[in-house]
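Read the single chain below, which is given as structure tokens and is the form predicted alone.
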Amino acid sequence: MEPFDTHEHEVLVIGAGGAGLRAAIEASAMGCSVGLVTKSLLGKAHTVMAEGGIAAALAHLDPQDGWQTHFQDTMKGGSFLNHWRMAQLHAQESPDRVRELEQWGALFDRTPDGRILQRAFGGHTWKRLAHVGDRTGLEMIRTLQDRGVHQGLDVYMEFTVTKLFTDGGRIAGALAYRRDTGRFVLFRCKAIVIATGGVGKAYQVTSNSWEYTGDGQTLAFEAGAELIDMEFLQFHPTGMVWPPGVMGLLVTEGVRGEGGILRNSKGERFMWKYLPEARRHEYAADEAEARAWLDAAVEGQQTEARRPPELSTRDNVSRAIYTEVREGRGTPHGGAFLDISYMPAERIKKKLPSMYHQFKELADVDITATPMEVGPTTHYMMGGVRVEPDTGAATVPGLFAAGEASAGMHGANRLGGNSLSDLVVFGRRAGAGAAYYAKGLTATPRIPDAEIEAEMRGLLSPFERASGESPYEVHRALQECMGTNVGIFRIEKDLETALATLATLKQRAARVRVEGGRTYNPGWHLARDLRNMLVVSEAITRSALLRKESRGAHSRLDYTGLDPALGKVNMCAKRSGDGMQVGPTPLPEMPAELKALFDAAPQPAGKAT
């Protein structure tokens, strides 16, 4: 057998972003031996890309805010496909998690009287996002890392986990390899927390970095767990579109939260045309009211003016920009203009320092003097591993998930800022759930040598082939397939084409050839990542094909309306032999006391500040 190293922990956390770090901190605090595995380096988490803020009903600027309104906004934003219990826990516990970060050393922006400052974001009724300029995720990772390192976590950097093992249906451990040497490592454990993030690298235009290849979703799926809501993939409305080398790089929603205006090539402020009729009353009726809202926000004052149309939900803004471009009103490089240059230059540099430097250094654009060019970019997966809300437990005993790799919290569309609070609320709960489960087991489960050997042999097979195409060719074909057929707008014919193409790509991926050694070999890494991306791509496509309606981030041109029956089910993907079975499962029903929040008489249209 190929030699391998062995490490043993009670709880293994895979992924070192906000969710993984918070889970590891909690499990460690409960007295468990914790191993934290990251595909990249500690600190290189995708959480740092969440720039605009963390959503929590602290009510520092808008005293009317509370968990009930945050809960309502989250459910409405998710088209009521959210798991009500997750949305409730999130809204209730987010303020405590923000205050906890503050106690651990996070340096949030402040109001003149010293409270945590909050800004507006799309879909939120009140100013709710606590922030650190436009570098909130970076500050959060710094804070959690410091806390975790001082707790004595065992951190394994540049390790790729390729398989989860089970014993009698329960989690028993995981196999990984070191990216720097190629040496295999076996982790024996009692519980595993999946916190590996999203799936964006299955698409060419994405805000996601190279780590986001659907690893956690596929590991869980192949271990027998269920995936739900995979058709709901969020396209962030504002990514860079020029130059080509940075296409898709995120432009924070904080730009619009600070007053950024979207215009087309004709100079028209177009978002008013795309506001959903049912929610039009929540937004400013004209330029004057939008300006009154902004003036009050800049001064930190309350106002009866309603929020600007640019602060509509992300799915709606993405579709609007895409439509403007498709109908010939796009910018020279195929996007829309996002303009904040009418604001004082010093305010822009203070509030949006990362965006100022990002455009200056990468596009030679001074956003204090010139509009930005932006367009939709693949950003966030609302779907993922089905979990029990209170503990983060998946449908496989001993397996837990949190953050973007899990599902249920955001429903059909995530509101901006809810991702960071999701990470700490459910990262904490998943870590506690895993620790409690691990402490209940008297012995570490067993892993047969034959299963370990078979996985290692499969991983090394690309080196042994005398012929075969490059994994890069298959990856390019996958990204083209998903971008063309399973993008912002979908139709049945395209989705069926995608499924046929994915079947062919799966065969091609099984025959790829890799040259060179195992030390830092990106071709070998990609050969394994392809398997993950093909699994999640198939789950996205099959789920999108079955959901014959348009809801949240899932838009069907052949089924443009909402289907009430489909609003009561999640599309669930689970393993069936060597294949995938996808079908509807009932959505948990919301209790009467929470339904009453939506049945209450609506507030005056001018409530949103």
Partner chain sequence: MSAGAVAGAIAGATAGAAAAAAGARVKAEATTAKREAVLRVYRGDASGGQEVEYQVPVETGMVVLDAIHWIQAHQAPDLAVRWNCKAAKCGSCSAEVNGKPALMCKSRMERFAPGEPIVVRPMKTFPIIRDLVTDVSWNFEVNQRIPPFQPRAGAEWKWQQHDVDRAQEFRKCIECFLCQDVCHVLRSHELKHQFAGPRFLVRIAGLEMHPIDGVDRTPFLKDSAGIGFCNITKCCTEVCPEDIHITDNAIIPLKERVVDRFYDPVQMVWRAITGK
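Numbering follows the first chain given and starts at 1. Between two forms, the rigid core is defined as the largest C-alpha subset superposing within 1.5 Å. Everything numeric in this text was worked out from a predicted model, so none of it was measured.
This next part talks about the form predicted in complex with the partner chain, which is not shown.
Using a 4.5 Å heavy atom cutoff, none of 84, 538 and 597 lies near the partner chain in the model of the complex. In the model of the complex, no heavy atom of residue 287 sits within 4.5 Å of the partner chain.
Using a 4.5 angstroms threshold between heavy atoms, residue 575 stays clear of the partner chain in the model of the complex.
In the model of the complex, residue 209 approaches the partner chain with a heavy atom inside 4.5 Å. Proximity of residue 281 to the partner chain in the model of the complex falls outside the 4.5 Å heavy atom cutoff. Checked against the partner chain in the model of the complex, the residues 276, 448, 105, 169 give one hit for a heavy atom within 4.5 Å, which is 105. The partner is absent here; in the model of the complex, the one residue of 156, 165, 177, 242 having a heavy atom within 4.5 Å of the partner chain is 242. Stretch 114-122 is the answer when you ask which of 114-122, 260-268, 503-511, 448-456 has residues with heavy atoms within 4.5 Å of the partner chain in the model of the complex. Along 507-521, these residues reach a heavy atom to within 4.5 Å of the partner chain in the model of the complex: 515, 516, 519, 520, 521. For residue 85, a C-alpha deviation below 2 angstroms is recorded between this form and the one not shown after rigid-core alignment. For residue 177, a C-alpha deviation below 2 angstroms is recorded between this form and the one not shown after rigid-core alignment. Core-superposed comparison between this form and the one not shown: the C-alpha position of residue 513 differs by less than 2 Å. Relative to what is shown, residue 498 and residue 333 are closer in the model of the complex; their C-alpha atoms differ in spacing by at least 3 Å.
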